[in-house]
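Here's a solo chain for you in structure tokens, the form predicted on its own.
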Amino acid sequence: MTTTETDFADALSGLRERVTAPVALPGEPEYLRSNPWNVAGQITPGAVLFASTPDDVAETVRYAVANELKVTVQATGHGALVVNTDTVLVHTGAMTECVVDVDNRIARVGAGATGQHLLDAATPHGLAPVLGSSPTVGVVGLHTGGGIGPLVRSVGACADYVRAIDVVVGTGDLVRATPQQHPDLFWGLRGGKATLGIVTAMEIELLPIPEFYGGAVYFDGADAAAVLHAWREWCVGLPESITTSVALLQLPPLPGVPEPLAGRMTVAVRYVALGDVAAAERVLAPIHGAATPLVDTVGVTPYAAIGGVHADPVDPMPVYENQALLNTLSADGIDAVLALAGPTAQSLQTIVEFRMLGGALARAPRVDSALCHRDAAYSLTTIGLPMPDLAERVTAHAHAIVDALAPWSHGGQFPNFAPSTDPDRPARVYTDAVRQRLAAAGDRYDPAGVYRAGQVVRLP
């Protein structure tokens, strides 16, 4: 059959008869529950299935195969892109299971659980999940994209701590993937995003980290040049017990934004150190001396509050993100960014951030994964708000910042950053060898091509 609008509507009415989970069609009130966190994402599926069990997901995929439909997945929608009317969106937001095996330091996490769910379950036991910068992000999406968080230099990528994955592959079968069972699937699900299936649960190793020394030091935007140059020089030779980033911020005067930071340009130096507190204080001293801080949140902090280091926005908003990985960061590179995004540049970006990489991230993980570009030394990320009257200018400005760093560019990107429908993006995210291996695995585990939507890798 061909999926004309009439055929598709008929097929979707049949789906309702096959699953116990709610199915919402365009125009129905429940359909709006699929609106993503990134409201700039063009999410207009032909139907939304609100899954609560793996069986819901598996039955939907089997039905899609039989009716030549496409399927994609969303939990929080932080990385939302485009979902068209020829696709069924499986919304896993209700699958928030979070069970901690304290003795073995393993958490079993459902497909809809966020970092905050996992923190709430693990940290009362003195255990730490390796997470990204925002606890509002879905755990599964974070880990299938590799996961670069505020401890990345000290402990590596989030995906390195996945121990088992339950996934519905493109045949509708529910498969358990581990280093021993379906090892090619286990490899590709850690870094390959949605290429190989819809993950229904993960088992993740937790670390015995009850607290850390860290937070952020905020400076006035007028001091941006002094702070960014001091940060670049200070990074040289830092031990891998320390993870740090620096960001130019233009935070709007909204509830939750501290008054000294709202409605103006500021500079934030983020800092997370493991180990000896006195040594960590001494290492940070040159940053405190770079300029006069406006706000200083650095101190001994419970791991439960790790999200406060970056203090990422919580409420849904439109976001346009771009990223470049860098081989090195020179003084000229800092000046190039300041010329476009510094205090006198009338920047259109809400955040322009450098992260220092290396350390544990740069070493080969215990079990190989599809996450590439571990050799990058730094990342640059831009985040702008593409409001209707500014969208084209925000996007062009973000590309200009990335282009200005071309002399120092690594050429790659990480899967969870700068999501895009650009057909050239997979070549930036993955090496040729990894891209070919992912595409071959996708063809093997999804022979009908039901997962050819969203962030997936397929070769022409």
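We number the residues from 1 along the sequence you see. Keep in mind the model is a prediction, meaning the values are calculated, not measured.
The form predicted in complex with a small molecule is left out here; the points below concern that form.
Residue in contact with the small molecule in the predicted bound form (any heavy atom within 4.5 Å), chosen from Asp332, Asp312, Asp276, Asp101: Asp312. This chain lacks the partner; the member of Val267, Val162, Val109, Leu142 within 4.5 angstroms of the small molecule in the predicted bound form by a non-hydrogen atom is Leu142.
Per the 4.5 Å heavy atom criterion, the small molecule in the predicted bound form is contacted by stretch 74-82, the sole one of 213-221, 338-346, 118-126, 74-82. Within 4.5 Å of some heavy atom of the small molecule in the predicted bound form lies at least one heavy atom of Val137. The shortest heavy atom separation between Ala194 and the small molecule in the predicted bound form is within 4.5 Å.
The closest heavy atom approach of Leu380 to the small molecule in the predicted bound form falls outside 4.5 Å. Interface membership of Thr60, defined by any non-hydrogen atom within 4.5 Å of the small molecule in the predicted bound form, is ruled out.
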